[in-house]
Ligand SMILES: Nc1ncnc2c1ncn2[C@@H]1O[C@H](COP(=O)(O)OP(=O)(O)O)[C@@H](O)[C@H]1O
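The data below hold one chain only, encoded as structure tokens and taken in the form predicted alone.
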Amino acid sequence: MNKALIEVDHVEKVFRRDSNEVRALDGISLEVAEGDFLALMGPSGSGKSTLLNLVAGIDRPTGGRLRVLDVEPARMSESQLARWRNEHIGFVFQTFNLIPVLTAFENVELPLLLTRLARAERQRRVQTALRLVGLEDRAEHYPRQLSGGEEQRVAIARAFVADPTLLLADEPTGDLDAHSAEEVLEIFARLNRELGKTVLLVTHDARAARHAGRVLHLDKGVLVDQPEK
């Protein structure tokens, strides 16, 4: 059995707004093993993105225990978290988050600028990443010159170019048409299948279930029992 990279143990997350409390996660427990491709599904407001942010150390749980790669992000300082994320976490967002004044090549290279890699090695890694997402011929194009699907593929290349331990994706097909969404989901499946990347993808898109190795469902902050794929 592969080692558990993510251990979620009765985790709660409560947001307080004025006198109101919103319970985004209500004591959920799950594990993601090394090499898993887990799709976490559910409607808007089910707590999917909240859980992803906790795993990435972007937010902290209100209760319970969360271990990621043998550490507890909630116990780390902001500077420690920044270094840890840069080394271990690749994050793909729904809105691409590309820098408009940088080319596709330069956008993908960004995480590598925080490493000590030589320029030639950075270039080799960026070219390899763009080739894996089928955009080697778009390296010098700016985001405005790319389709939405191509922009998301650049964002995926940027997420894995530094060889992170975990790939996290927050609704990566939410702004894409059906054809582009299928291409993006197949890239995640290839990264998992061929490169052994551990993928945690949150989505309300049922198409993701066809690509993931395991599917879990969240509803109102609670895991709902579903038959696994």
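Just count from 1 along the sequence shown to find any residue number. Since the model is a prediction, treat every value here as computed from it, not as a measurement.
In what follows, reference is made to the form predicted in complex with the named molecule, a form of this protein that is not presented.
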Task: Phe15, Gly45 and Lys48 all contacting the named molecule in the predicted complex, non-hydrogen atom within 4.5 Å - done: yes
Task: Contact stretch among 48 to 56, 183 to 191, 63 to 71, 29 to 37 - heavy atom within 4.5 Å of the named molecule in the predicted complex - done: 48 to 56
Open item on the list: With a cut-off of 4.5 Å between heavy atoms, is Val11 one of the residues that contacts the named molecule in the predicted complex?
Closed with: no
Open item on the list: Even though the partner isn't displayed, in the predicted complex is Val215 close enough to the named molecule, meaning a heavy atom within 4.5 Å?
Closed with: no
Open item on the list: in the predicted complex, does Ala24 come within 4.5 Å of the named molecule, counting heavy atoms only?
Closed with: yes
